[in-house]
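Let's start with one chain on its own, the form predicted on its own, as structure tokens.
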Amino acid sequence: MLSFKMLRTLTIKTNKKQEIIDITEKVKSIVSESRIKEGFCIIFTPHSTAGIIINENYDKNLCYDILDKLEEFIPVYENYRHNKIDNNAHAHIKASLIGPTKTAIIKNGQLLLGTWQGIALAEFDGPRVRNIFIKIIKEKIE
């Protein structure tokens, strides 16, 4: 059964055309502020050219590897039909593969992440100002 819900917004200014920005500590701070011991943390970005990643955040080179591999599969400069509108089809495709939402478990007041895992915003059409909504849902224990 679920009860208490809290919604917060993070606003992130991206600086590059494509980049991955670690937001783990900001999300952890929101979880801590909620004082929820058991529940769920939903991380959502309402943008069709950005996504949310949960993956290793210890080695920053992994971010470059992810971006490089996505670029190899979905190059920026390609003859996409959507580019006739606003020249960012590659960003829409990449964001579709990454996805706009991730959910993490809250256990004992902490995000339940793996040893090396972190949460990041993946920007594919920057620089821009991006919003990320953090929804904390308390699990009601009976």
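A residue's number is simply how far along the shown sequence it sits, counting from 1. As the structure is a computational prediction, the values presented were derived from the model and not from experiment.
The form predicted in complex with another copy of the chain exists for this protein as well; it is not shown, and the discussion that follows is about that form.
Proximity of Val27 to another copy of the chain in the predicted complex falls outside the 4.5 Å heavy atom cutoff. A residue is said to contact a partner when one of its heavy atoms sits within 4.5 Å of a partner heavy atom; Thr101 meets this definition for another copy of the chain in the predicted complex. Another copy of the chain is not drawn, but in the predicted complex it has no heavy atom within 4.5 Å of Val31. Taking the partner from the other structure, another copy of the chain in the predicted complex has a heavy atom within 4.5 Å of a heavy atom of Ser48. In the predicted complex, another copy of the chain lies within 4.5 angstroms of at least one heavy atom of each of the following residues of 117-139: Gln117, Phe133, Lys135, Ile136, Ile137, Lys138, Glu139, in sequence order.
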